[in-house]
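Only one chain is included here, represented as structure tokens and corresponding to the form predicted on its own.
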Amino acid sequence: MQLRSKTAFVTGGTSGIGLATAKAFVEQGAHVVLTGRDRQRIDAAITIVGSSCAGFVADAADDQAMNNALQQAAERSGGIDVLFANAGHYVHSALGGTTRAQLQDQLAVVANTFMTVQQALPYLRDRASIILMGSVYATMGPPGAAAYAASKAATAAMVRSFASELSPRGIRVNLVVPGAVDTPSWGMEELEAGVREERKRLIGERAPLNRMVSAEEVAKAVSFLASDASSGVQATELVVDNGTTGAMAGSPRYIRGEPT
């Protein structure tokens, strides 16, 4: 078990990739502390993850609440070994139709991620692992996603600077970069089952492997970056997108000559 006896802190851990990662961490032997904005959802997540998990209500934008959660997580075991700064959201931002408030709301994710890492520093053990959440949108240039893409590009830039600053402590900082992940964030849960599956199929056809990525697949990548198995991996982006960005010409849509 690669994370045996380690303490992992996961922001935005009540659903999707965050929840799948918390579960994977526990399966690898870690004690997990997760955060979310709703007590009921946190309790539901703990039920799924198991008894080696605790949860705190802490919005990533609330510095005091996040610091309290980090402090309590560290007190349980003497320090934090893994920080997965996963909390975030998507704001549609078509050029010509985006308000300043919407833009600031999206870019606040960058500030929240920065502050989460900064607040965690006193509680992180030397040789800890920090994983930030990226996205293929940072480089793909999809229409209507400029603010989100900018926020993820900024996060990738932070990884490199953080790694430079924290290397003297042996702390590693890396980025996981998911493609289209089958999570509730797509807003398809309320669709009729047949419509939902067809939409997932169409999204999946953008990738050479002809399917959406599962949250569990991303969680495995995060678990690798969190563990000592990646001890020599620093300031790196680990892409989990079924080949979308690396070999788009192999996707079913491209092969048929359809827009990707």
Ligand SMILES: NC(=O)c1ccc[n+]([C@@H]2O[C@H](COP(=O)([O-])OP(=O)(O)OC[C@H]3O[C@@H](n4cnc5c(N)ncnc54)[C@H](OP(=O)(O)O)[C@@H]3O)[C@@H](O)[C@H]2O)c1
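What you see is a predicted model, and the numbers here were worked out from it, not measured in a lab. The numbering used is simple: start at 1 and walk along the sequence shown.
The protein also exists as the form predicted in complex with the ligand; that form is not presented, and the subsequent description refers to it.
Participant: If the criterion is a non-hydrogen atom within 4.5 angstroms, does every one of Gly12, Lys152 and Thr183 touch the ligand in the predicted complex?
Facilitator: Contact check passed for all of Gly12, Lys152 and Thr183.
Participant: Here the chain is shown alone; which of Leu225, Cys53, Leu70, Ala58 has a heavy atom within 4.5 Å of the ligand in the predicted complex?
Facilitator: That would be Ala58.
Participant: Given that the partner is absent here, state which listed stretch (122-130, 156-164, 95-103, 80-88) has heavy atoms within 4.5 Å of the ligand in the predicted complex.
Facilitator: Selected range: 80-88.
Participant: Can you tell me if Gly16 lies within 4.5 angstroms of the ligand in the predicted complex, counting non-hydrogen atoms only?
Facilitator: Gly16: contacts the ligand in the predicted complex.
Participant: Contact between Asp38 and the ligand in the predicted complex at 4.5 Å, heavy atoms?
Facilitator: So Asp38 counts as contacting the ligand.
Participant: Should Ser135 be counted as a contact of the ligand in the predicted complex, where contact means heavy atoms within 4.5 Å?
Facilitator: Taking the distances in the predicted complex, the answer for Ser135 is yes, it comes within 4.5 Å of the ligand.
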